[in-house]
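The data below hold one chain only, encoded as C-alpha coordinates and taken in the form predicted on its own.
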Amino acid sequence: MPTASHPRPLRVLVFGAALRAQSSNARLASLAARLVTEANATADLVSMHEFDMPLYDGDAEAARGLPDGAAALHRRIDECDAFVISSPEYNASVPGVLKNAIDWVSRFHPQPFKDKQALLMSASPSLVGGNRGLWALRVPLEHLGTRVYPDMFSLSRSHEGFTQDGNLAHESAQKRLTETVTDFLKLVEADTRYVCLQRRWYEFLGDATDAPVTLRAQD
(Lines give C-alpha, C1' and ligand atoms only; values in the text may rest on other atoms or scores of the structure.)
Protein backbone atom coordinates (compact mmCIF):
# COMPACT_ATOMS: atom_id res chain seq x y z
CA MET A 1 0.00 0.00 0.00
CA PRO A 2 1.51 3.39 -0.98
CA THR A 3 2.63 5.65 1.87
CA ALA A 4 4.39 9.00 2.11
CA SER A 5 7.76 7.24 2.43
CA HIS A 6 6.90 4.55 -0.14
CA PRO A 7 4.65 6.15 -2.77
CA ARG A 8 3.15 4.14 -5.60
CA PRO A 9 5.15 3.96 -8.84
CA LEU A 10 4.54 6.66 -11.41
CA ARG A 11 2.02 5.62 -14.08
CA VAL A 12 3.06 6.48 -17.62
CA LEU A 13 0.90 5.92 -20.70
CA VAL A 14 3.07 5.09 -23.73
CA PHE A 15 1.69 4.72 -27.22
CA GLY A 16 2.76 4.70 -30.82
CA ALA A 17 0.55 6.88 -33.00
CA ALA A 18 0.79 4.88 -36.24
CA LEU A 19 -1.62 2.23 -37.50
CA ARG A 20 0.86 0.27 -39.64
CA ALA A 21 1.60 -3.14 -38.12
CA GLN A 22 5.39 -2.90 -38.48
CA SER A 23 5.62 0.78 -37.60
CA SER A 24 8.97 2.05 -36.36
CA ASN A 25 7.05 4.23 -33.94
CA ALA A 26 5.47 1.16 -32.37
CA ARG A 27 8.97 -0.22 -31.85
CA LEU A 28 10.17 3.08 -30.39
CA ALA A 29 7.16 3.21 -28.07
CA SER A 30 7.89 -0.35 -26.92
CA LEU A 31 11.49 0.58 -26.17
CA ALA A 32 10.38 3.69 -24.29
CA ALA A 33 7.96 1.59 -22.22
CA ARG A 34 10.82 -0.75 -21.30
CA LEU A 35 12.96 2.20 -20.22
CA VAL A 36 10.06 3.53 -18.12
CA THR A 37 9.78 0.14 -16.41
CA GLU A 38 13.54 -0.04 -15.82
CA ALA A 39 13.26 3.35 -14.09
CA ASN A 40 10.81 1.77 -11.59
CA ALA A 41 7.71 3.40 -13.04
CA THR A 42 4.66 1.59 -14.44
CA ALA A 43 4.29 1.70 -18.21
CA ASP A 44 0.88 1.30 -19.86
CA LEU A 45 1.85 0.44 -23.47
CA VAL A 46 -0.98 0.84 -25.97
CA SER A 47 -1.51 1.36 -29.70
CA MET A 48 -3.91 3.52 -31.69
CA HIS A 49 -5.75 0.36 -32.80
CA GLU A 50 -7.18 0.13 -29.28
CA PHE A 51 -8.99 3.46 -29.67
CA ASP A 52 -11.04 3.27 -32.83
CA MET A 53 -13.14 6.37 -33.47
CA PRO A 54 -14.70 8.07 -36.51
CA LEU A 55 -13.60 11.41 -37.90
CA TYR A 56 -14.68 14.18 -35.58
CA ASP A 57 -18.16 15.47 -36.47
CA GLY A 58 -20.01 17.88 -34.22
CA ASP A 59 -23.36 16.67 -35.49
CA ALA A 60 -22.45 13.06 -34.70
CA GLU A 61 -21.36 14.10 -31.22
CA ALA A 62 -24.66 15.90 -30.64
CA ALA A 63 -26.68 12.92 -31.90
CA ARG A 64 -24.75 9.98 -30.45
CA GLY A 65 -22.35 11.39 -27.89
CA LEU A 66 -18.65 10.63 -27.61
CA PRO A 67 -17.47 7.35 -29.19
CA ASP A 68 -16.28 4.40 -27.11
CA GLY A 69 -12.73 4.67 -28.45
CA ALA A 70 -12.47 8.27 -27.31
CA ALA A 71 -13.89 7.34 -23.90
CA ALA A 72 -11.31 4.56 -23.54
CA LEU A 73 -8.40 6.85 -24.44
CA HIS A 74 -9.77 9.56 -22.14
CA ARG A 75 -9.83 7.08 -19.27
CA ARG A 76 -6.24 5.92 -19.88
CA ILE A 77 -4.92 9.49 -20.04
CA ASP A 78 -6.90 10.50 -16.97
CA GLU A 79 -5.46 7.60 -14.96
CA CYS A 80 -1.80 8.26 -15.81
CA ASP A 81 0.65 10.71 -14.26
CA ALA A 82 2.24 11.42 -17.64
CA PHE A 83 2.19 10.18 -21.20
CA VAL A 84 4.65 9.46 -23.99
CA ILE A 85 3.71 9.62 -27.67
CA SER A 86 5.84 8.16 -30.45
CA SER A 87 4.39 9.67 -33.59
CA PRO A 88 5.25 9.40 -37.27
CA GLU A 89 5.54 12.53 -39.38
CA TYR A 90 3.12 12.80 -42.30
CA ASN A 91 3.87 15.59 -44.75
CA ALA A 92 5.81 17.52 -42.12
CA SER A 93 2.90 17.46 -39.67
CA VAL A 94 0.73 15.40 -37.31
CA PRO A 95 -0.87 12.13 -38.52
CA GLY A 96 -4.60 12.59 -39.00
CA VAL A 97 -5.48 9.63 -36.78
CA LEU A 98 -3.62 11.20 -33.84
CA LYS A 99 -5.01 14.70 -34.33
CA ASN A 100 -8.52 13.23 -34.64
CA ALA A 101 -8.06 11.35 -31.35
CA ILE A 102 -6.90 14.53 -29.61
CA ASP A 103 -9.91 16.42 -30.97
CA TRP A 104 -12.37 13.79 -29.72
CA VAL A 105 -10.79 13.40 -26.28
CA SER A 106 -10.67 17.17 -25.79
CA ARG A 107 -14.48 17.18 -25.88
CA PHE A 108 -14.71 15.54 -22.44
CA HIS A 109 -15.29 17.88 -19.50
CA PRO A 110 -12.95 18.19 -17.80
CA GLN A 111 -10.59 17.24 -20.61
CA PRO A 112 -7.63 15.12 -19.42
CA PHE A 113 -4.69 16.79 -21.15
CA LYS A 114 -4.48 19.79 -18.84
CA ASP A 115 -1.55 19.67 -16.39
CA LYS A 116 -0.28 16.32 -17.71
CA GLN A 117 3.43 16.01 -18.44
CA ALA A 118 4.16 14.65 -21.94
CA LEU A 119 7.24 13.43 -23.78
CA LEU A 120 7.12 13.46 -27.59
CA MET A 121 9.15 11.10 -29.78
CA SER A 122 9.24 10.13 -33.43
CA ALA A 123 10.85 7.59 -35.73
CA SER A 124 11.21 8.39 -39.40
CA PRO A 125 13.11 6.94 -42.37
CA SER A 126 14.16 10.43 -43.41
CA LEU A 127 17.57 11.91 -42.65
CA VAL A 128 16.08 14.63 -40.44
CA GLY A 129 13.79 12.39 -38.42
CA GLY A 130 10.26 13.48 -37.52
CA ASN A 131 11.03 16.77 -35.78
CA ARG A 132 8.68 18.83 -37.93
CA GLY A 133 5.76 16.61 -36.99
CA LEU A 134 6.65 16.84 -33.31
CA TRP A 135 6.72 20.64 -33.39
CA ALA A 136 3.27 20.56 -34.99
CA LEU A 137 2.05 18.10 -32.34
CA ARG A 138 3.11 20.40 -29.53
CA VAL A 139 0.62 23.05 -30.66
CA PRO A 140 -2.71 21.30 -29.86
CA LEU A 141 -1.31 19.64 -26.73
CA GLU A 142 0.05 22.86 -25.25
CA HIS A 143 -3.16 24.62 -26.26
CA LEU A 144 -4.99 22.09 -24.09
CA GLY A 145 -2.69 22.73 -21.13
CA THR A 146 -0.26 19.83 -21.47
CA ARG A 147 3.24 20.47 -20.19
CA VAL A 148 5.24 19.17 -23.13
CA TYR A 149 8.82 18.26 -22.22
CA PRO A 150 11.25 20.58 -24.05
CA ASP A 151 13.67 17.85 -25.15
CA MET A 152 11.91 15.83 -27.85
CA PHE A 153 13.51 12.68 -29.32
CA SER A 154 13.55 11.93 -33.03
CA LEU A 155 15.11 8.83 -34.61
CA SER A 156 16.24 9.32 -38.21
CA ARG A 157 16.77 6.47 -40.71
CA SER A 158 14.48 4.38 -38.52
CA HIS A 159 14.34 1.51 -41.03
CA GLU A 160 17.89 0.66 -39.94
CA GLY A 161 17.72 2.13 -36.46
CA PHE A 162 16.90 -0.92 -34.32
CA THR A 163 18.73 -4.04 -33.24
CA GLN A 164 17.14 -7.48 -33.09
CA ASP A 165 16.56 -7.14 -29.35
CA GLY A 166 14.67 -3.86 -29.76
CA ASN A 167 17.35 -1.39 -28.72
CA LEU A 168 18.59 1.41 -30.94
CA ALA A 169 21.34 0.45 -33.33
CA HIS A 170 23.56 3.41 -32.52
CA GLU A 171 24.95 3.54 -29.00
CA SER A 172 24.80 7.35 -28.87
CA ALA A 173 21.10 7.34 -29.80
CA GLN A 174 20.34 4.67 -27.19
CA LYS A 175 22.20 6.69 -24.56
CA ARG A 176 20.36 9.89 -25.44
CA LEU A 177 16.95 8.19 -25.40
CA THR A 178 17.68 6.59 -22.02
CA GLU A 179 18.78 9.93 -20.58
CA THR A 180 15.75 11.72 -22.05
CA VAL A 181 13.27 9.24 -20.58
CA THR A 182 15.07 9.21 -17.22
CA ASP A 183 15.20 13.00 -16.95
CA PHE A 184 11.55 13.25 -18.03
CA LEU A 185 10.51 10.86 -15.26
CA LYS A 186 12.45 12.91 -12.70
CA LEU A 187 10.41 15.94 -13.72
CA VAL A 188 7.16 13.96 -13.53
CA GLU A 189 8.10 12.71 -10.07
CA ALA A 190 8.84 16.24 -8.87
CA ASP A 191 5.56 17.49 -10.29
CA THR A 192 3.61 14.57 -8.80
CA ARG A 193 5.26 14.08 -5.41
CA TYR A 194 6.28 17.55 -4.27
CA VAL A 195 2.97 19.28 -3.83
CA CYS A 196 4.65 22.32 -2.24
CA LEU A 197 5.77 23.39 -5.73
CA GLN A 198 3.60 25.93 -7.49
CA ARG A 199 2.32 25.02 -10.93
CA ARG A 200 1.80 27.61 -13.62
CA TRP A 201 -0.04 26.76 -16.80
CA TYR A 202 -0.43 28.03 -20.32
CA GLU A 203 -3.49 30.15 -20.99
CA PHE A 204 -5.70 28.49 -23.60
CA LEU A 205 -9.20 28.91 -24.94
CA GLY A 206 -11.75 27.28 -22.70
CA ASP A 207 -9.61 27.55 -19.57
CA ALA A 208 -12.26 28.63 -17.08
CA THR A 209 -10.91 30.31 -13.97
CA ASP A 210 -11.94 33.27 -11.87
CA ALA A 211 -8.35 34.29 -11.10
CA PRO A 212 -6.71 37.13 -13.02
CA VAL A 213 -4.20 35.94 -15.58
CA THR A 214 -1.31 37.34 -13.54
CA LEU A 215 -2.37 35.28 -10.50
CA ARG A 216 -2.90 31.93 -12.20
CA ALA A 217 -1.14 29.54 -9.93
CA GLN A 218 -2.13 26.12 -8.71
CA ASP A 219 -0.89 24.82 -5.36
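These numbers were taken from a predicted model, which means no experiment stands behind them. When you see a residue number, it is the position in the sequence shown, counting from 1.
The same protein also exists as the form predicted in complex with a small molecule; that form is not shown, yet it is the one meant from here on.
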Using a 4.5 Å heavy atom cut-off, state whether residue 108 contacts the small molecule in the predicted bound form. no
Evaluate residue 92 for contact with the small molecule in the predicted bound form, applying a 4.5 angstroms cut-off between non-hydrogen atoms, and reply yes or no. yes
Determine whether any heavy atom of residue 112 comes within 4.5 Å of a heavy atom of the small molecule in the predicted bound form, and answer yes or no. no
Would residue 124 sit within 4.5 Å of the small molecule in the predicted bound form, counting heavy atoms only? yes
Among 11, 69 and 76, does every residue place a heavy atom within 4.5 Å of the small molecule in the predicted bound form? no
Can you pick the stretch from 167-175, 48-56, 184-192, 23-31 whose heavy atoms fall within 4.5 Å of the small molecule in the predicted bound form? 23-31
